[in-house]
Every structure is written in C-alpha cells, then in structure tokens.
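Quick setup: one chain, the form predicted on its own, written in structure tokens, and binding and motion questions come after.
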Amino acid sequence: MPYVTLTEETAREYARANTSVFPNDAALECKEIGDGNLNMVFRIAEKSGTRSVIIKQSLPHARIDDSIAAPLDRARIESEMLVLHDRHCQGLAPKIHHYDREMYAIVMEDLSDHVVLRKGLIQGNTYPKLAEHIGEFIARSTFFTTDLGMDPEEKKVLQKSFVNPELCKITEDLVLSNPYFDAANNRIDVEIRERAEQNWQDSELKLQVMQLKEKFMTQAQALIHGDLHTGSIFVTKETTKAFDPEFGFFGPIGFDLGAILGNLILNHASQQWHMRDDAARRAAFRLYLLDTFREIWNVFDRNFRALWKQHVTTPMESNPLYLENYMARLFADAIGFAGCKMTRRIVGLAQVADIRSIPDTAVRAQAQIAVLDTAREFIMKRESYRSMDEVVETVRRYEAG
C-alpha cells in the first residue's frame, strides 16, 4: 500500500493484517504512545490477553520543526540495525516482527513492561545491570562492524546500506555546530545567555569541537547507533534494551559512548532539584550515576579488548601497541563527544526533561551552567585524561547543589 500516516484506528488493523501475533478474531486496542520528534509509535494489544506489539512509523519531518526533513528510509536502516543488534547483542535490543518498505513501518517487540531510562533516572531509580549491559552492547555492536571484527571488503559493501546523510546532517547541525554560535533554532534561557555566549566567543573550544565534528563526518570506524542517549534505552532492574537506532551509520565508536555518558551527567546535574529535599539520598544517587558512568567505559573496554584478542590475528592489527593506541583514542573520543552532547542539551533545539522539568529558574540555571562548564572541560581535556577517575573528578568539581 502507498505511504500514509497511520492513526490509532488504522494501526490496529495494520497490526492484525501484518503479523501472526494475534488470532484473527482477537479484540484489539491501540494507543499512540510516541513522545519523540520523528515518528508515530503505537501500542496494539489484546483487550483480554497478554499479546501485544509496537508499531513505529517514520514521519517525513520532525514534529518539533516542520523545516527539519527526515528521510522515510531511516525506518529501513533502523530495522536492519535491530536485526544486526539481535545477532551480535542478543537480548539487548527489541526483536523485529515485520518491516514494511512501503509504509516505512516496523512492527516490533512490545517493551511496555520496561521504563525509558531517562524517566527512571529522573525519578531517582537505580538499575544495577545498566552499566554491564550498555558497556557490552556498545562493545559488541561496534566491534563486529569494524575492520577488526569483519572482513574489510564485506564492511565496505555493508556501508552502502547504512549511508544516512539526512540524519547525520541533523547531528552535525544540532550537536556539533549550532550550540557554538547564535543559531536561529537554539533555545537558551535568559539566565544563562551570557554563559552560552562565552562558548560562542571561545575560539579554542570551537577548534576542538570542529575536530570532533570532522571525526564524526569522516571516520567510518564502525556501525554505530548514532543516538544512544537515556531516552533511547528501556530498562528494568534486570534487563536493558537499546532502541531507536534510526540515526545509525558508519561513524566513530566514541560517539555512542559519549552520548550515554553525557546524558548521565545531565541527570547528575538535575538532581540538584529532583532530590532537593533529601541531601543524603541525592549524594548517594549521584554516586550511583558516577559509578555507572565509570563502569560503562570499564565494561566496554574489557569486552572490546576481549573481542580483539579473540578475533584479531592479522600481523599488523594484532600488535599490542596498536590495541593500546586504539583504546586510548576511543576513550578521548568518548569524553569529547560526551561534552558535545551535554552542551547541545542545554542550549540547543532538542533539550532533555532532566533539566527542562526544573521549574525554579535559578536552580535550573545553576544546573545548566554546571553542565556547560563540565562539558567544556571534557572537550578541551579529552586527550589529556588518563583515567575515568580523572573525568569523574571534573564532574565533581563543577557539581552544583
């Protein structure tokens, strides 16, 4: 059928016709549950029973701004990435039931028994398996799509399927450009305008961001998720599922690491408000966040090295000095891109509920400035940090409240 935007009524019948999940005579209910910018998302479930699915359909433009075009083909990219994630990281991503190339719709596993990580962290919930799962997910999903983990010729062929210029352009603009000048679609609270303008006038900072942007645009290191923040991860106390890889393309591995690490620091800053009435609980939760921040890198590092030692046997690439050099570069990239992701969520177009939900403008400004100051140091010092403990000390130095 030709592309039309699904509604709650048509999505219900679409699920019935395009999956074998439901009996033909099942009474189904459907609700639109999407809260993102680029897609329609529906949950279809039996009125009496346990079977349910999610339908995600690409929209041709961002809901937040009609001028931001979004190619419909990203649904294909997402569906194919989820298949690869299920192959390399089984249990850490939702399963696919069906993909429709004409409707740009994916029917996938329903994870309604999970919570979006961002929401859970805002509420002060802890997830003991998060660092282990996300560190493993990034290590396995990227290693097996590098020139180390697959045949380089096969990798070059695979790259053709994941050319994603329009969504890369969104990242290049909203994450790696616009926050560093007076762009029309920036969103800056008046209380922090002066601090934002300091970044615009900081030539050294902009040089370092441009180096990271160049890396994002030119380094086809591995097939990366491309948007792995706390709003793209479902969790329970025992399980973790990375979803929404529609920004996927062959890019720098450190970008995925930086996305999740930077979002943890955004939540860390926001707890100045969210746990304002309990200093002891706030301190304990911030310690949990920083431990998770540190451990995601440690788990990633440990898994990536293990995969390297198991699979890399070629004479040049198996050089231990190359491994150490490679990992050091990934570490620096992760911290630098974390700084960029943090900055865009404070002064850019698409911000985060962690910070935006703080109603007290003075407290919100303190948290925002703490993030901007931390982010600048991440970007500027990324190549001089020698351990994650040093990075954590930077967070603590600028901690507000």
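Start at 1 with the first residue shown and count on from there. Owing to the predicted nature of the structure, the values given are computational and were not obtained by experimental measurement.
Keep in mind that the form predicted together with another copy of the chain is missing from the display, and what follows is about it.
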Contact stretch among 151-159, 78-86, 275-283, 238-246 - heavy atom within 4.5 Å of another copy of the chain in the predicted complex: 151-159
Interface residue in the predicted complex among Asp113, Glu204, Glu102, Glu194, criterion: non-hydrogen atom within 4.5 angstroms of another copy of the chain: Glu204
Proximity to another copy of the chain in the predicted complex, single hit among Phe331, Tyr288, Tyr180, Tyr127 (heavy atom within 4.5 Å): Tyr180
Contact check for Cys168, Val209 and Tyr322 against another copy of the chain in the predicted complex, heavy atom at 4.5 Å: yes
Met316: touches another copy of the chain in the predicted complex, heavy atom cutoff 4.5 angstroms: yes
Partner contact for Val190 in the predicted complex: another copy of the chain, 4.5 angstroms, heavy atom: no
Asn186 within 4.5 Å of another copy of the chain in the predicted complex, heavy atoms: no
Another copy of the chain contact in the predicted complex: Glu295, any heavy atom under 4.5 Å: no
Sequence-ordered residues of 204-240 touching another copy of the chain in the predicted complex, heavy atom within 4.5 Å: Glu204, Lys206, Leu207, Val209, Met210, Gln211, Lys213, Glu214, Met217, Thr218, Gln219, Ala220, Gln221
